[in-house]
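Here are two versions of the same chain, shown separately as structure tokens and labelled structure 1 and structure 2.
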Structure 1
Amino acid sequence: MQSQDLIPSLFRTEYSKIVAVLSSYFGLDQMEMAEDIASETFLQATENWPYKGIPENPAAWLYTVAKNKAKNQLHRNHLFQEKISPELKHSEVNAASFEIDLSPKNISDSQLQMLFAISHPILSEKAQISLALQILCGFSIDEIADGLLSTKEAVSKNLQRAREKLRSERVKLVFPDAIDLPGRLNVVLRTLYLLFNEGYYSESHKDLIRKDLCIEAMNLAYLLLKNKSTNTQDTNALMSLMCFQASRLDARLSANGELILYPDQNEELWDTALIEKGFYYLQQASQWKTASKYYLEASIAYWHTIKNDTPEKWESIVKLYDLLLQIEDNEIAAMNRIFALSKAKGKTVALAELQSKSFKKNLFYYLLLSDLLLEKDKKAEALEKAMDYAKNDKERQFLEVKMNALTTS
């Protein structure tokens, strides 16, 4: 592999490790210094490797360079405090004795601490996701702005405010204690859930599916699963849900990038390895007696990987949606339940259910309405109304295909 291909790949996997471990030494208030050291380390790799060759162990090379840069930074800080500003308190980390521990366990622990810190409830959901993308996933400002349909200036200001909030509230880079852990873990899981969903169906991006976001959310969830304290039912259930949903990503878009709905997907494109992993994590989650939101969603996603299209399958899905809606009153889930009802009991029953509800009118509502209506002219009218709510070109193209198919049928 050439260095121009290897370095970006390593940046995705090793940048966050270096930042997390250095931040655990310097403190969260010095996170920018840790990020600068990590960035300078990769810059040195881009300058050296094309000419001197790729090291035998590239990750170890990066860790060594990062450690040396950290020691140099500590030495500079010490000189500044000694000669220029002696009244300031000296750093508690001594350059001479400083040793960066980049063992797998310390890396994992440091990343987990960082994940909890940047998912702190004092931050907005957008700020949590932006920080996760930048610090733990190695995304640039441009990539975050592109992924969240924002400007570089807005993302930079949002990140700056979030970092300042963490500093002003003196948030520590520590693992939550036993009392705080359940509530804090819920916030972390919610952040990963939103991050995955943004990748699974992105209304705000030119690409409807962002597989990179889905992968990063799954990688972060795996960090939680490796720790005994955070290996809970919800963590296993969320990973199960992600695996099941990710297994069908390649079948959800046509060669032209157009959305393909579940009934029209090519099942040969489903990833059976991910389905098996999803089933494994669902079994792990079933060891707990309660039925949480993530467990029910994962169970629904599991049934969608069953290829037969029998009424019994859809009746099981309807029952799971009934339980889910008792936990969380969500309009998208309620509309998905009605779709499942149409497969179990027929479109007439499902249409009556849809029309008896006061749903917010949006693209998905009119798309479902068009599917349930029997008269061609009314189906076309519903699709035309759906077009008013399309948020990007991909959605408009999808609806145009549906309207053309209806016209020619």
Structure 2
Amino acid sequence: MQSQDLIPSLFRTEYSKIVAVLSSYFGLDQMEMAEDIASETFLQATENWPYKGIPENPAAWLYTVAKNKAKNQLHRNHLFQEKISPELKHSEVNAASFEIDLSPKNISDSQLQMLFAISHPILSEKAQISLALQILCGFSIDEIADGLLSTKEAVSKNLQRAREKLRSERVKLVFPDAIDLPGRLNVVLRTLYLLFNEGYYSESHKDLIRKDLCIEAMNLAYLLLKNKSTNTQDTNALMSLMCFQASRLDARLSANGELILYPDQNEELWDTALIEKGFYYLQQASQWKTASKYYLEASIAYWHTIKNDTPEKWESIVKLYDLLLQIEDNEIAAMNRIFALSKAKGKTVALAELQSKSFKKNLFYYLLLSDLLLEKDKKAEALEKAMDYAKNDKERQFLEVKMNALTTS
């Protein structure tokens, strides 16, 4: 670990662990107390380490300090008698000998419970993502606002409302029981999927933040994979999908931050380690004999990691999109299917398909239309229509480059 970012990197990994474990003792309604203790623990490190030197195992040092602070806090607030003791009344534990368990197992259990609590169906998707970033990923309000392209005030208000809701609905930090688990896990996976996409598709100018969102979503998915009852096909498939997508993170933006579409990407910038990981999780997911939405999406993403255009590749992708569209009606997927169809069966077939369906007209629609049309002025006409739907300079610039390439060809 580089000593010049020791505290920020410890903060990213350890702050949320301390908060999750302490909240599991104090109760979710006392989460602010857990957060205060975690913050004070870091403050104590900065007031101690300059004089005493940086400890050999900084994380263990933080845990010891956090434990002691938590014990003191429990004594002071008589919380121990009211909250912890009743649950422990059959064991011989009292406040003095009471120990807070910061073992790796209890840390990941607590983080999982926290993940289920903040991905609670009573919360909006935006609130779930913001809470995950704040509580489980240790992001500051500023960083969340940057990552979600929102303002500090809006994020802060959103978080406050979400926390109030968790309290008023008395959401508990528990692992869902076997009957509820599949449904609750679905919501958790969707939260992670959205979190990842926020990073992947975000127009935030801060490259690092976008990447961090993707990495954090993958870290949380990893937490689910480590637990037997949440290591499902969907979890493996989602992880696989995220690995494949993330492998192209560096290739899909130019040095100036312009979007580079898949066919134009330099595959030497693809991260092969992540592609291998994605393939591993896809294999894991294929042990289950059904084909879920995430599994199909991961399989499509897998084919995209093979740069060579073979008929087999695009025919497989078309088939996978067919299956995916049976599960959910999704216009983007339907248009992506038509793009794949043009590669497999030619532009004329794909164009007929596009025109036979009533898609909502947007930038992507006209971009696809322009690609499928054969005559130059019709292509240009479609690109001009696409321009009407450009939302920002980046998109306008992207279309202008396309237009220039077309007129000079």
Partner chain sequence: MKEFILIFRHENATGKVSPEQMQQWMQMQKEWVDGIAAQNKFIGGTGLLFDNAKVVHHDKTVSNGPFGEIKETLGGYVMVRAESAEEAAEFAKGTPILMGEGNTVEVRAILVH
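None of these values were measured; they are calculated from a predicted model. Take the two forms, superpose them, and find the largest set of C-alpha atoms that agree within 1.5 Å; that set is the rigid core. Numbering runs along the sequence of structure 1, starting at 1.
Legend entry - Chain form predicted on its own: structure number out of two: Looking at both copies of the chain, structure 1 is the one that matches the description.
Inset, instruction - Examine K313 after superposing the rigid core and state whether its CA is displaced by 2 Å or more between the two structures. - result: Shift of 2 Å or more: no.
Legend entry - Core-aligned C-alpha movement of A45 between the two structures, 2 Å or more: A45 C-alpha, core-superposed: shift of 2 Å or more.
Inset, instruction - Verify the C-alpha shift of R167 between the two structures: is it 2 Å or more after superposing the core? - result: Shift of 2 Å or more: no.
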